[in-house]
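For reference, the chain that follows is the form predicted alone, supplied as structure tokens.
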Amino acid sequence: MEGVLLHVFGLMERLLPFSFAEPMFMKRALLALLLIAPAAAAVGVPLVQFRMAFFSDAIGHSAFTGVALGILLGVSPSWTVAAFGAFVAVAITLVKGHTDLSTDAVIGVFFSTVIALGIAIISSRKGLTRNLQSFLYGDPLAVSDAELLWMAGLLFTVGVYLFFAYNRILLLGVHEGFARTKGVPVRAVEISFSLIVALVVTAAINAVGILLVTAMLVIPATAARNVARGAGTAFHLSVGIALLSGISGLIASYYLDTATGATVVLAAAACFFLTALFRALRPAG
């Protein structure tokens, strides 16, 4: 598999004869963003449709506790972050389906709980804070070959999943009862989508960190919604905006010497404000 990456890096060197693309760490960062940005944007569209942007925030902050658990158990934090994120995602979905509380209320309970649990673990072991820095802020310039391969596999998984489930997810977002009448296995779709979101969020943390991970899912999707006239158009626009902001943010961070993850998010935010302005100026109808 490392040979495949070397081939990809060689191809990038031929296609991108620019100074910013010369260092190997920039090639890795560019490939990481090309893999994770579209995956995040793709699942972000249904999240925005469901008005569940807060959900990705809860999963992202569960990584705080996942890192602490990994260090305590002597396991790689990358594994515990993904496992704990998946657990929280499924738990939110199951509790939401068995209560009359609003989705935001249930997510808020879990959000507060995972943060409190993480703080409790960290406070009991004073030396753990040093290990959290890379997860809090993220850094696509430091991704490893194994993480790149994981991101590639995740992008493929997200693509296959959405190819088969996207319409069912949108039906579920319209109305749960209506989705049932159309034969949609509501609980199975909710749980599977929650797991996909959890995997994407935990992978995106490598690029932008816990503090900014929600932005990678939500901002491209909301920018697309500003100008799209249908769900299909919103999906493709969201992926396009994510790729544009990922590439432009990486290049800008190289020349401005700013944090890469933050600059990528700022590029996405610029796209959002431009599309919002376009929507405001576009003639009605």
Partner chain sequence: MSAEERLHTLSIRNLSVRRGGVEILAGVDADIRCGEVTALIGPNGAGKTTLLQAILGQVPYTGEIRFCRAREHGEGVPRIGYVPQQLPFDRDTPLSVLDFFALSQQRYPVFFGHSRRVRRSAQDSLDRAGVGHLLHRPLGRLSGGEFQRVLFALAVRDAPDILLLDEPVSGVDVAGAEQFCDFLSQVQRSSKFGLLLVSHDLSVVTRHADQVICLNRRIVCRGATTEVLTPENLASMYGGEAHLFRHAPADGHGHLHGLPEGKG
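Keep in mind the model is a prediction, meaning the values are calculated, not measured. Residue numbers count along the first chain shown, from 1.
The discussion below concerns the form predicted in complex with its partner chain, not included here.
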> R187 near its partner chain in the predicted bound form, any heavy atom under 4.5 Å?
Replying inline: no
>> in the predicted bound form, does K182 come within 4.5 Å of its partner chain, counting heavy atoms only?
In response: yes
> Does any heavy atom of L170 come within 4.5 Å of a heavy atom of its partner chain in the predicted bound form?
Replying inline: yes
> Would A234 count as touching its partner chain in the predicted bound form under a 4.5 Å heavy atom rule?
Replying inline: yes
>> Using a 4.5 Å heavy atom cut-off, which residue among V174, A116, A105, A146 comes into contact with its partner chain in the predicted bound form?
In response: V174
>> Looking at 254-262, 220-228, 52-60, 66-74, which stretch has residues with any non-hydrogen atom within 4.5 Å of its partner chain in the predicted bound form?
In response: 220-228
